Ligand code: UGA
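Only one chain is given next, in structure tokens, and it is the form predicted on its own.
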Amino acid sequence: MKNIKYKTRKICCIGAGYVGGPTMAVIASHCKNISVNVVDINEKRINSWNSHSLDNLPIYEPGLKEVIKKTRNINLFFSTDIKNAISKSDMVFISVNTPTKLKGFGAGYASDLKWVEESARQVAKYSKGHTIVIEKSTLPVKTAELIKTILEAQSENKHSKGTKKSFSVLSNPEFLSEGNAIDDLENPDRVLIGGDDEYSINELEQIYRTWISKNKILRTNLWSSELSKLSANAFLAQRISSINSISAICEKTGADIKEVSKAIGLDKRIGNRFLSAGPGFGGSCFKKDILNLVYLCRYYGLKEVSDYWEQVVLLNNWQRNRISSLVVKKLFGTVSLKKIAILGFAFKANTNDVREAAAINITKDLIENGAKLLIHDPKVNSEQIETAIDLKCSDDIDNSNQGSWIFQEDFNKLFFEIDAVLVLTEWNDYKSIRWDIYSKNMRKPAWVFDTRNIIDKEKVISSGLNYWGLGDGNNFEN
């Protein structure tokens, strides 16, 4: 694969987020004769990518800083100069945010494509000659038509030197799992390229073939590629909601969700991935993509299909709410002015992403019920939490007479006079806690609530603490 040839010499990626940054870094590491420019309007984010300390990158992903170290300012560059990067590029990736609309038509379901449209207009305005434009963001089916329409309107115009602009549009969705993104990029299950222009498809394929075998590269039409991304995330989220629903049945019947999950996963028709029960799925994609799918189904008159997929999101919300209410119930029906240590705020381990994290809803519920929270996470900072729950960090929760929270970086200070511990993220740091030591500082009767099933139950109980584990039927009061 080292002798693969391609004509592309300069790549621009609009969007320096969780997808654009790592993806372009891996491309730059394998294609050393391509200059890769990642651009973004967020100057603070770009400054973080350019930070002298690799520990200050805006994204935490295992292995990312090692790739950045090998490529940054060699053939990988981060900048806010969007105009210059586009004008010099043969290929432009659009990797911007596509959040769910908050108001207007389709609010609460449809994707807001304003940044995609703005990116397309920038490409139309600043590009020169022929440019291959690639959808990298997760987009609704038929978004390529929007991009094509904007680009084609410009293709008839001539720039100052009199040569015509031309464009081709491809869909190349990402299938990254946060916390494992670099390995997913280095060793993908598949690379999907959708389009109808053979030259452009070949050009993008040759770049990937620098390190990925041809049999992992799948060609489709544009619409199949766009829908495949939404469908893949919907199927994964469905598995999480399914196993979480079974966890509730386990608690009522005396079954153990870990044993049930193992038995299910050994069936080769099902497999063992995404069968770990938890407080609900999070991240930037699952909820957004399912709601997008629901909106599309309703638009095309497929009510029964839309209702089916919407239930996946509704059950996810229910799982979070039942955890909050269960904590209140176990603490004698009230958490008012009680101190609870929250272990983990990221939506999953090995990432600092808090978007749609289960911790957001659960901590807000507990604070609204008067709890005083001490929040710890090895990679998430207090500013992220403050933004996520829309509540400022307290200066002194001990003297507060209402629900509040502080960010506690020092793990050893988490357990003094607290009434409960609530594990929300499966960080390795939390798997080997010395409960025999920390329990001595907790206010009895104290509880440990494990929503990830990573804590040693026997060690908790032998330390004189009460234990509740998600899907543990042996510990639930019917």
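If you're wondering where the values come from, they're calculated on a predicted model, not measured in any experiment. Quick note: we count residues from 1 along the sequence shown, nothing fancier.
Same protein, other form: the form predicted in complex with the named molecule, not shown, and the subject of what follows.
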### Summary
Here the chain appears without its partner; judged in the predicted complex, the stretch of 145-153, 205-213, 272-280, 306-314 with heavy atoms within 4.5 Å of the named molecule is 272-280
### Task
Answer with one of W405, F93, F347, F78: the residue that has a non-hydrogen atom within 4.5 Å of the named molecule in the predicted complex.
F347
### Message
So the named molecule isn't shown here. In the predicted complex, which residue out of I246, I360, L176, L222 has a non-hydrogen atom within 4.5 Å of it?
### Response
L176
### Message
Test of understanding: in the predicted complex, would R452 fall inside 4.5 Å of the named molecule by heavy atoms?
### Response
yes
### Query
Does at least one non-hydrogen atom of K372 fall within 4.5 angstroms of the named molecule in the predicted complex?
no
### Message
Is E251 near the named molecule? Define near as a heavy atom within 4.5 Å, in the predicted complex.
### Response
no
### Query
Using heavy atoms and a 4.5 Å limit, would one call N352 a contact residue for the named molecule in the predicted complex?
no
### Task
Go through 217-248 residue by residue and record those having a heavy atom within 4.5 Å of the named molecule in the predicted complex; state none if no residue qualifies.
K229, N233, L236, I240
